[in-house]
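In the block that follows, a single chain appears as structure tokens, in the form predicted on its own.
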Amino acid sequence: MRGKVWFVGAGPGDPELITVKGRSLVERAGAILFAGSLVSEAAMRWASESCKIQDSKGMTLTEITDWLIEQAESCETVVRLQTGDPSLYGALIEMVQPLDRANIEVAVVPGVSSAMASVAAGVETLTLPEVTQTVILTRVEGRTPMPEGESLVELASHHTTICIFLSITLLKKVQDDLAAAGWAVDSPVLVVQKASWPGEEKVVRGKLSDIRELCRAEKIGSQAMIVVSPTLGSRDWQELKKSKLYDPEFQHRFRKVEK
């Protein structure tokens, strides 16, 4: 019987941020293909000594899927270990389709995204009552074009929280697009490189006008998340609109309000 291929989110970098289920699969895997350019090798600390481990850093899509199919012929559990969450910029469907054609069973284990890890590193929040209740996960157009209606200018016009992936080398365009969408030059910006990576994480705070220079000074040129949001810096605000969930006058099924 052919084995099963699991696409496992390794999380943002800290090996301990992999899920319990993900770690369990790493422990029992007969073969693991990990994205070495993005996933820390420390994530393989739980693999067995007999496990076949391969770095996909220099492999093409065809080589990756051929390797997974080959390993599934002899291993009950094959793991494709991906950075963050497999469903975000992970070429998941491109890898699953050849496995489907080969009649190999697949499953996905979600992971902690670098967007969440970056906000955690800054002790910030993605949402706040009556400030913003919407989060946009996107990227700036580079070699991969954006679909119609999804330019950063169009998305930024909503003035919600925006987590911008894979765009640190296009920070000047990010600044220009946000300004074109009406964001003020003093809007706060958070940039986090290698969020949660032990000993490697860098957190840079600035304004839309100076964030590019600040990142240059810190030599941040890859693996960085850009976060812009009207919630940034709210930890220091003197007044906040409080959540209704904990309001003593707000009744719900777990708490009754005395009339």
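Only a predicted model underlies this, so the values are computations on that prediction, with no experimental measurement involved. Residue numbers here begin at 1 and follow the sequence given.
A second form of this protein, the form predicted in complex with S-adenosyl-L-homocysteine, is not displayed here; the remarks below concern that form.
*Interface stretch in the predicted bound form with S-adenosyl-L-homocysteine - options 87-95, 182-190, 122-130, 102-110, non-hydrogen atom within 4.5 Å*: Result for this chain: 87-95.
_S-adenosyl-L-homocysteine is absent from this chain, but in the predicted bound form, do V8, A31 and T77 each have a non-hydrogen atom within 4.5 Å of it?_
None of them does, since no heavy atom lies within 4.5 Å of the partner.
*Which of I211, V228, M225, L68 has a heavy atom within 4.5 Å of S-adenosyl-L-homocysteine in the predicted bound form?*
When S-adenosyl-L-homocysteine is considered in the predicted bound form, the option within 4.5 Å is M225.
_Partner proximity in the predicted bound form: L155 to S-adenosyl-L-homocysteine, non-hydrogen atom cutoff 4.5 Å_ = Taking the distances in the predicted bound form, the answer for L155 is no, it never comes within 4.5 Å of S-adenosyl-L-homocysteine.
*Heavy atom of T161 within 4.5 Å of S-adenosyl-L-homocysteine in the predicted bound form*: Because no heavy atom of T161 falls inside 4.5 Å of S-adenosyl-L-homocysteine in the predicted bound form, the answer is no.
*Heavy atom to heavy atom, is W197 within 4.5 Å of S-adenosyl-L-homocysteine in the predicted bound form?*
Yes, W197 is a contact residue.
*May I ask you to check whether V140 falls inside a 4.5 Å heavy atom distance of S-adenosyl-L-homocysteine in the predicted bound form?*
Taking the distances in the predicted bound form, the answer for V140 is no, it never comes within 4.5 Å of S-adenosyl-L-homocysteine.
_Just to make sure I understand: among 3-18, which residues lie within 4.5 Å of S-adenosyl-L-homocysteine in the predicted bound form, judging by heavy atoms?_
Contacting residue: only P12.
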